[in-house]
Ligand SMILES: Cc1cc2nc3c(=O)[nH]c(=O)nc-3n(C[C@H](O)[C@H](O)[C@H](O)COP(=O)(O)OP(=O)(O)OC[C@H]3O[C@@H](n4cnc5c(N)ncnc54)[C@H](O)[C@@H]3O)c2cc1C
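One chain comes next, on its own, written out as structure tokens in the form predicted alone.
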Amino acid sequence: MKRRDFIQAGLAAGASVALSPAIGAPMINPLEQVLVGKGAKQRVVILGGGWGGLATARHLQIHAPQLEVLLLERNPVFWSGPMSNKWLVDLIDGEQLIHSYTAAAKKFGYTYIQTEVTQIDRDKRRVHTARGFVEFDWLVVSAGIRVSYEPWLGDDKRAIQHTVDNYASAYIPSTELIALKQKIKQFKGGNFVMTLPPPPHRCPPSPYERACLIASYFQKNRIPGKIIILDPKPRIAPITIGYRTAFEELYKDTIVHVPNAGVTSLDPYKKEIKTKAGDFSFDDAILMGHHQAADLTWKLDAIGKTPEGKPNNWASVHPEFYNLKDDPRIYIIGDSVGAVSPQFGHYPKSGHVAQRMGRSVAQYISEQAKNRTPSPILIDNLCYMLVNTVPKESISVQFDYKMGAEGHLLQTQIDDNERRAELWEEDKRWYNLMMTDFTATT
């Protein structure tokens, strides 16, 4: 890693470090301490500074500049998930992923507070944090996902922690990405296993892209390794043809894709994994556990139920407005959103979708602040995936949405399976536009 990248990544490594009072300072119960006093202005509190939270904050400044906006985020810097696969194998610089929350807040006129959310009181309209509480008129939760290893390891906390420490999914931008980058560079050969989360999961095409880029790195550096993709789905999806062709034409001797390979048990100490498609041992691995709505969504008591009355692990929200069905002023956006349509189930859990939801919610809140009923704004999704590095060639997938005659959202998926340099250039332009939209990038 470049020294500059390492220093910046090290800032993100502080994400999990709790803020502590000075030695000898009197202890104050943060549940009773006001963090930011509320004045005459109506206030929007946003929890989570990813693509969705940042887009909401930025577009509230456009549509409702009369409102006070607070963005609460535990990380000291914004670290983008999209494009991170390219950073793992040194195709882009870390400066393209890491941006300042403080600079974005200053540029767009809202307040950024680095703190950990501990509790949400819906009745009192308060968010409690490690530093005190803030009151809200509107609440937007954009907190991403939680990675769960309990379906494999039960309540064995020691085995779960060992898995996280040694084979983390690196699906949430954090120190796990740094560890994965080091893992790739230090791998000497053998079986490198990648488990894919059962759907729905964050950025469905991302694991396949990661496999392609790591395989390219192994080939370039003549590392005698095989990447074994244990896929719980019956086939590669989405973008079936594009990825299957890349696996066959570019990485025939490096990538082994195993369908119907849902994990049934894992021994992270012996490096053994059992699946519905057979048993596998590994020299190293990326073990991507099940995905769920983020912890903050559970704190909000917003998780939907199965027909049997059990938690379905995802937020239950209005399919077009993303608010809680019993509270039009509390929104959940981004990856935590549950199923929205009987036709396709979940929106793709991508940065693009989170950004589009954030922009829409900013307009919904603006209308509510004017005592007007908002109209639904349909979103879209666009994902580019780099599958070849010499030359740099990408494939892409687009999702469009419309309201059907029966009152349900309908999805149209358009795969672009022909890998080519043109799509890589489009990918870079798309990413730069996104960063310009909600960070201080110019």
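In this text, residue numbers run from 1 along the sequence as written. These figures come from a predicted structure and were not determined experimentally.
The following text describes the form predicted together with the ligand, which does not appear among the structures shown.
For the options V89, I160, A168, L296, the one in contact with the ligand in the predicted complex, meaning a heavy atom within 4.5 Å, is L296. Out of the listed residues D137, E116, D121, D93, E116 is the one that sits within 4.5 Å of the ligand in the predicted complex by at least one heavy atom. Annotated contact segment (heavy atom within 4.5 Å of the ligand in the predicted complex): 198-206, selected among 362-370, 151-159, 266-274, 198-206. In the predicted complex, the ligand sits beyond 4.5 Å of every heavy atom of R356. Not displayed here, the ligand is kept clear of I379 by more than 4.5 Å at the level of heavy atoms in the predicted complex. In the predicted complex, the ligand sits within 4.5 Å of a heavy atom of K349. By the criterion of a heavy atom within 4.5 Å, G225 is excluded from the residues contacting the ligand in the predicted complex. Interface residues of 81-96, taken as those with a heavy atom within 4.5 Å of the ligand in the predicted complex (partner not displayed): G81, P82, S84, N85, in sequence order.
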